[in-house]
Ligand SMILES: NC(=O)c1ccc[n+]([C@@H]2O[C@H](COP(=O)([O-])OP(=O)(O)OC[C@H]3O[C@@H](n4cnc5c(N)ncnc54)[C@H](OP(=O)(O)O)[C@@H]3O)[C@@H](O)[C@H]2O)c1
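First comes one chain, alone, set out as structure tokens in the form predicted on its own.
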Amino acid sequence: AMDPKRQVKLNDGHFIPVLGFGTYAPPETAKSEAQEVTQFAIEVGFRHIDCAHVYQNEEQVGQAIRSKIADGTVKREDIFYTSKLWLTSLRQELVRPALEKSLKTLQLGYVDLYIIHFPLAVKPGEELYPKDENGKLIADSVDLCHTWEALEKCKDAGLTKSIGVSNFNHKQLERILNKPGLKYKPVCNQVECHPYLNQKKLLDFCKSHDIVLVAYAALGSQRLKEWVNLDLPVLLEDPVLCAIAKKHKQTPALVALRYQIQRGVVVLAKSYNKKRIKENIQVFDFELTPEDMKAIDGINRNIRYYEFLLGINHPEYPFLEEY
């Protein structure tokens, strides 16, 4: 199992394991396989599990965690579980009920981290993606600072140990950091981050405010046609990554994960393939040289696989800023 010391301290004093297991999959896979692969991930040593209300598999992931607690593999406090507040629940009065609903689905007493999934508030209701007649998301005018205050209350109530954000640009982060009466800073900003989009400016900004950057799509993308531009190059076929992998007798995926850990980024490895889940935990078995790191820095090309174009007309759409 994974060495528990492989974690970083958050700005609220809690610790987050630097390697996490991502549970997102297309709905048909997410429901049927999530429990089995999450149990397997815990068995091979993953202690940080990343999920979200919108993935629609929290029930299965919760069952996996509880079964591994029940059989003595882990204690609840060994597991770091992240859930995310969806866009339809960003109004202040909807935040706590959304978290309580996730806890009820998970059958857990608390989550370790609760984050705002996107800075885009949309019309509340059961519909996850409420769209107008032109297929555009129906925006809701919500002050994200008010959303943040509700998250602070959830932390004080013990429903979540830590609170953070996801997909925020530096200006949106700044708005929360500069909020009058701020009680807790975001502990993290979870964003797409990989060698083709290394987020150096956002990472430097986050580090300067003691905010951890958490990388999703760290291995590129799952090539899901509804989310990703399939014309983009495949990260794991990059010649630089492949050469470094060959030199270390590792896979390009492991090099991409190791790169993040060495630059102080918490990295999520998403896979529903048992062989690769087991492989991804081997990220601690080798080290990249400063030359390797520099070479990987050099392949950055600002390729964003997950543009979330559905939200591009929203006034808070985050990805038009440089970082």
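Bear in mind that the values here come from a model prediction, so they are computed numbers and not experimental data. One-based numbering along the sequence shown.
The same protein has a further form, the form predicted in complex with this ligand, not shown here; the description that follows concerns it.
> Which listed residue (59, 43, 279, 292) meets the criterion of a heavy atom within 4.5 Å of this ligand in the predicted complex?
Of 59, 43, 279, 292, the residue with a heavy atom within 4.5 Å of this ligand in the predicted complex is 279.
> Which residue, 213, 218, 122, 99, has a heavy atom that falls within 4.5 Å of this ligand in the predicted complex?
Selected residue: 218.
> I'd like to know whether residue 117 contacts this ligand in the predicted complex, with contact meaning heavy atoms within 4.5 angstroms.
Within the cut-off, so yes.
> Should residue 24 be counted as a contact of this ligand in the predicted complex, where contact means heavy atoms within 4.5 Å?
Flag for residue 24 set to yes.
> Are any of the heavy atoms in residue 269 no more than 4.5 Å from a heavy atom of this ligand in the predicted complex?
Yes, residue 269 sits close enough to this ligand in the predicted complex that at least one of its heavy atoms falls within 4.5 Å.
> Using a 4.5 angstroms cut-off on non-hydrogen atoms, would residue 15 count as touching this ligand in the predicted complex?
Heavy-atom contact with this ligand at 4.5 Å: absent for residue 15.
> Based on heavy atom distances of 4.5 Å or less, which listed stretch (175-183, 99-107, 161-169, 139-147) is in contact with this ligand in the predicted complex?
Among the listed stretches, the partner-contacting one is 161-169.
> Each of 55, 84 and 306 within 4.5 Å of this ligand in the predicted complex, by any heavy atom, yes or no?
Every residue of the candidate spot has a heavy atom within 4.5 Å of this ligand in the predicted complex.
> For the heavy atom contacts within 4.5 Å of this ligand in the predicted complex, list the residues of 230-258 involved, in sequence order.
Result: 236, 253.
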